[in-house]
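Below, in structure tokens: the form predicted on its own, a single chain.
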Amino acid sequence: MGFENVYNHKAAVKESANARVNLIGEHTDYTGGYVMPTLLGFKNTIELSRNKESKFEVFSEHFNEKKIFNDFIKSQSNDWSDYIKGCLFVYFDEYKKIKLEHLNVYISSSIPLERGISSSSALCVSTLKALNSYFHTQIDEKHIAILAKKVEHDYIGVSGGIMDQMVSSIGIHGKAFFLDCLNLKYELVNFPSNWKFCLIDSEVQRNLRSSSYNDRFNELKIAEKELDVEYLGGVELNKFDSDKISSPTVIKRARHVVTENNRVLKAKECLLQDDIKQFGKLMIESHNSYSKDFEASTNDVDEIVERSIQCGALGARLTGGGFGGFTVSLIEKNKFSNWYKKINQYYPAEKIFEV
């Protein structure tokens, strides 16, 4: 389609943000812990221009649909355009001195939706980047991530941390993004050259609002309250006192987060020391914890993880918020073709993506 075909003139600005895959560290972000995602090649692109008819017009290539509105009131139906409304609301609320200007917005994206690789965060980050460029507000990348989280958490109503927005705004393709979610300090860590990651699409749709994501969020907040800590991320593994938690289910959820934080720290050291085999073991341990203690996997996803390892992956796990989406596998480069040939017997090429 294209911006010019929809609006009959050229866009004033164009900005993009990439999706991410989380290598290790699930549900540790909003509990003040550690995460380690990396950017994917999939990206969301936003183009903007002035609308001279005093209205906001938003066109989505994916939905092949245009929405027109004059206010930033969230829809009752969780419409895709709510993310753009939310970005506009948060941006103009943050920068009240900017004169409100009506805009044409064009969304194009190569990111598979509802697969746990943060398509929504990439949409918010790219929209805020475009607004930043259009109005020359000179917002730094970290603050764009903070505003994007505000859109998803406060406006859309999805509980979660700031990992997705941070890596989408600041990350560099080809590097691991190690983030301390409590103080937002981050490190870009090189991958050793002899290994690679690969995604497999489970084809299990996930939707954060209709899934159990918010339930898990609330269970972890109960754990923090009963342990009398502000964040589970500050609880060291050898000081985790499960006897203080009243519910067996909440114990399992908290145990996943405490052990997962420990695994992320170990995984960072593995990268720095080029210890590929141990990194793979940590990925497997992470998936087992995510599946059994956090109960965020499915039988289909567990099967993909098992098959990937049987086909030669050093590690594999469900990635993202859980309840479907992609798995990520770690494979040595010199064994990749053999792994791919075997895994391709189970899953078609269009469901397998190299990172």
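The first residue of the shown sequence is 1; numbering continues from there. Just so it is clear, the structure is predicted and the values come from calculations on it, not from any experiment.
One more form of this protein, predicted together with a small molecule, exists but is not displayed; see below.
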item	value
Close approach of F178 to the small molecule in the predicted complex, 4.5 Å, heavy atom	no
Proximity of G160 to the small molecule in the predicted complex, heavy atoms at 4.5 Å	yes
Contact flag, H287 vs the small molecule in the predicted complex, heavy atom cut 4.5 Å	no
Close approach of G325 to the small molecule in the predicted complex, 4.5 Å, heavy atom	no
Residue stretch of 326-334, 27-35, 41-49, 297-305 approaching the small molecule in the predicted complex, non-hydrogen atom distance within 4.5 Å	27-35
Residue (of Y106, Y91, Y213, F197) lying close to the small molecule in the predicted complex, criterion heavy atoms within 4.5 Å	Y213
